[in-house]
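Only one chain is given next, in structure tokens, and it is the form predicted alone.
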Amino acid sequence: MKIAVTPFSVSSIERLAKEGSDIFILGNDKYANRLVYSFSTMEITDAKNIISTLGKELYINLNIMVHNSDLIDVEKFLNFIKELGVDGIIFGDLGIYMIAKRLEIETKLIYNPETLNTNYYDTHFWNKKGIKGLTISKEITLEDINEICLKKKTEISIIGHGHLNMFHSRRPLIENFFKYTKEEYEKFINNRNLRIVEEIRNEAYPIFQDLHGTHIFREKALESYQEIRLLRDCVDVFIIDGIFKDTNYLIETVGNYKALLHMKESNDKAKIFSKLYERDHDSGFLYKKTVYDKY
């Protein structure tokens, strides 16, 4: 199993690598949603040089919904990625697959449509398409994940730690709200400190608006400390997403998981980590099916 992280800066890469990170997921906000930081092409190039020197891997997040007007720019960015020689490209729009195939880089692609990869036949289908791998849906149980892994035909990744996105609208909902209340809204765009509370629930969901619309996340972040040893034997890439956190949090979290993976007996330590994080973390859907999977 490789550990993948979403760094907040080029300067943090060496520290994260030293702590045990194997893969670094970067993106530019013109071509990707829900980034911890938008890296320029120059920063991506610098990061690639550092990552290669360290013997690690670079994945590029390219998970936007692609419209006709985006196709030319997306192809230019994919050409840049091709020339740079990255190790993986995370995508969710099939238009990106078509462009990548024409550019002969489909073997770098990792399909992550957020919620759609829920059975092992998904891996069989994409294996025939010649891509690198896919990311399993973040809303299925540990039992389902293990079954997919046992029958997989391609590389499997999961989001194993971090806040899970549960809603995305192309509408600028935060901007529209403040326009309605006749308040200034510019300071709230891309503000990662906002929460939305439903009248019927006592939960505060992280929310922000970026170039691609509005995003709402589960209140608690996912943690898999007590499951990491089980996942190690079948999952190829374990993703730690640092959104709403910072570099120190990422370094600490990577170190925790690496320590558990290297221990001969880690159950007690894993329980300690889970207890330390329980105030604002939980096990997500690993042991409970989402309410949308009742029937």
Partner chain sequence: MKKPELLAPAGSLEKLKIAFMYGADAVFIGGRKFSLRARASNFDISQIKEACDFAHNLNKKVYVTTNIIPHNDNIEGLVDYLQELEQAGVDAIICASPIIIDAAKENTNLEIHISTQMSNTNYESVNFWVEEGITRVVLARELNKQELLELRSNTKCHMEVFIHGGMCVSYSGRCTLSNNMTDRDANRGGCAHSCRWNYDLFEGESKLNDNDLHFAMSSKDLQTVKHISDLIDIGVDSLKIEGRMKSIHYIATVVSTYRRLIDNICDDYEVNLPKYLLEIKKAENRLTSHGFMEGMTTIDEQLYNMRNENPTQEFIGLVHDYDEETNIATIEQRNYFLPEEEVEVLSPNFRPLHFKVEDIKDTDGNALDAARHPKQLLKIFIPFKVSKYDMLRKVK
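Small disclaimer: the values here were computed from a predicted structure and weren't measured. Numbering follows the first chain given and starts at 1.
Just so you know, the form predicted in complex with its partner chain exists too; it's not on screen, but the next bit is about it.
**Q** Can you tell me if Thr181 lies within 4.5 angstroms of its partner chain in the predicted complex, counting non-hydrogen atoms only?
**A** Residue-level check for Thr181: yes, a contact with its partner chain.
**Q** Just checking whether Trp126 would be counted as a contact of its partner chain in the predicted complex - the rule being heavy atoms within 4.5 angstroms.
**A** Yes.
**Q** Spell out, yes or no, whether the shortest heavy atom distance between Lys138 and its partner chain in the predicted complex is within 4.5 Å.
**A** Result yes; Lys138 sits at the interface with its partner chain in the predicted complex.
**Q** I'd like to know if Lys101 sits close to its partner chain in the predicted complex, meaning any non-hydrogen atom pair within 4.5 angstroms.
**A** Lys101 belongs to the contact set for its partner chain.
**Q** What stretch, of 154 to 162, 221 to 229, 186 to 194, 79 to 87, brings heavy atoms to within 4.5 Å of its partner chain in the predicted complex?
**A** That would be 186 to 194.
**Q** To verify the annotation, which of these, Ile44, Ala32, Ile51, Val66, has a non-hydrogen atom within 4.5 Å of its partner chain in the predicted complex?
**A** Partner contact (heavy atom, 4.5 Å) among the options: Val66.
**Q** Going through 163 to 178 from first to last, which residues have a non-hydrogen atom within 4.5 Å of its partner chain in the predicted complex?
**A** Result: Asn165, Met166, Phe167, His168, Ser169, Arg170, Arg171, Pro172, Leu173, Ile174, Asn176, Phe177, Phe178.
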